[in-house]
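What follows is a single chain, given as C-alpha cells, in the form predicted alone.
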C-alpha cells in the first residue's frame, strides 16, 4: 500500500495531526491505492508560510529562469506520461485512453503558456507625452491558492499553476480528496524539475476545512478554484471579505442544439464524446440535447443504439469504452437524479446503473438518455455531472435558443447545422462562455479564454492572455524626462 506525504517548503511531511485517509479505486472498491495525509488548517498555514517566504526570491528570479524550470517540469511530465495516466485512471475511473489524452492536453496548454509568457510583458504600448514617457508593467501577487477538481486532476492543476509560476507567484495546491495520488505525483515532478523550496507546495486532505483555511489565510493573495457552483459561492463570499481576487470555474448544464439540416453522423459522435467521455464528469459535457422535432425520434433511436453498444468495465482495459464514476458520493448523486427524473415523468430511453455482478465492486452507470424532458424538470435544470443526458424537442431556432438559455448555468454550448445564417444567429444569441459550431461542447484551445457566465464562473477566464493576467497586478509607470 502506498503511503504519501504533503510537499511543503521542499520537504515531504506528515500532517501535523497524524491523520491519513484511504484512496480507493472506483472500479474496484476493494483495491485501496494508498494512504494520504488528512491535513488541517495547521498544515495549510505551514504551506502558506513556505510559499510566502519563498515569494521575494521567486518574484525576482528572471523570467527566463522561471521558464526554464517550467520547461523542465513539462519534460518530466512527458517522461512520466504512461505512469501518470495509469495513476489518474486507477484513482479517477476514466479510461486509460482518456487519461493519456489528459496528459497530452496538459502538455499542450503548458507549452502554450510557456510561449506566451515571453511576449506577455511586452504587449502594453507605451504612452508618451511632452517631457515624459509611460508604460504598463506587471507585478506578481504573492502566494496564491490553487484548488482543483478530481475530474481532470492533472490537467486543471497545470492550467492554473503554470501561469501562476511563470508570472512570479508561489503556489499552495489543494487537490480534491478523490484524486490525491496524481497530485502528490505532480508535486514530485516539480521537485525533480528543480523548483526552489516553497515555490510549489501540495497539501492533501478531506472535507472543507483545509480549503477554507487556504482561502481565509491573510497571506494568500488570490484563489483559483474549479468545482461546484455551491462551493464557489462560499469561496467568493469568504474572499470578498478581504478583497482577495478569485478565478472560479464552476458548474455547467451545457446544451447542444441539433438542427434538421445537421450532419447527423457528426452530431451523434459529438453527443457520445461530450456526453459520455470521462463518464460525463466534465464541466463542458453535453448534458442537454435539443433536437429539432422532425429528426428527434430517429436521432434518439440512433443515439440509444450507440449508448447500448458502449462497453462498460475496467478502465485499464483498452477495450473499455467507459469506466466507473469517481466514487460513492458521485454514484449516489447521479442515481438519485435518474430516480427523480423517472418520478417526475421523464422517459428513460436507455442506460441507468449497471447492476450486473461483474460490476458490484465498482461505481458503474451506463450511458443514460431521457427524452421529452420538460424545462421545469430537475433533470433539465440541475447539473448531474455524470453520464446522463436530458433530451427535448423544439420547432424553430428561436425556440432552441430560448430553451438553451433557460438555465442559471452558462459555460459551454453547441449547434450542428449546415446553414451559416443559423450558426451566426446562434453565436450572437447563446448565453455561454463557449459557443461551438459543428463541434462537441467539450472542445477548447489554450489560445482562447475558458470560463463561464452566470452561475458557471466568476473572474478572469483561464487560458489565453487572461490566464496570465489573473496572477498579476498592472502598474502604470510615468517617467519624467
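Quantities reported herein were computed from a predicted structural model and do not represent experimental measurements. Positions refer to the first chain, counted from 1.
The discussion below concerns the form predicted in complex with a small molecule, not included here.
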item: Contact test in the model of the complex: residue 225 vs the small molecule, heavy atoms, 4.5 Å; value: yes
item: Contact of residue 208 with the small molecule in the model of the complex (heavy atom, 4.5 Å); value: yes
item: Residue contact check: residue 292 to the small molecule in the model of the complex, 4.5 Å heavy atom; value: no
item: Touches the small molecule in the model of the complex: residue 174 (any heavy atom, 4.5 Å); value: yes
item: Per-stretch contact check against the small molecule in the model of the complex, the hit in 246-254, 307-315, 76-84, 110-118 (non-hydrogen atom, 4.5 angstroms); value: 246-254
item: In the model of the complex, the one of 144, 99, 186, 283 near the small molecule [non-hydrogen atom within 4.5 angstroms]; value: 283
item: Partner-contacting position among 103, 349, 234, 397 - heavy atom within 4.5 Å of the small molecule in the model of the complex; value: 234
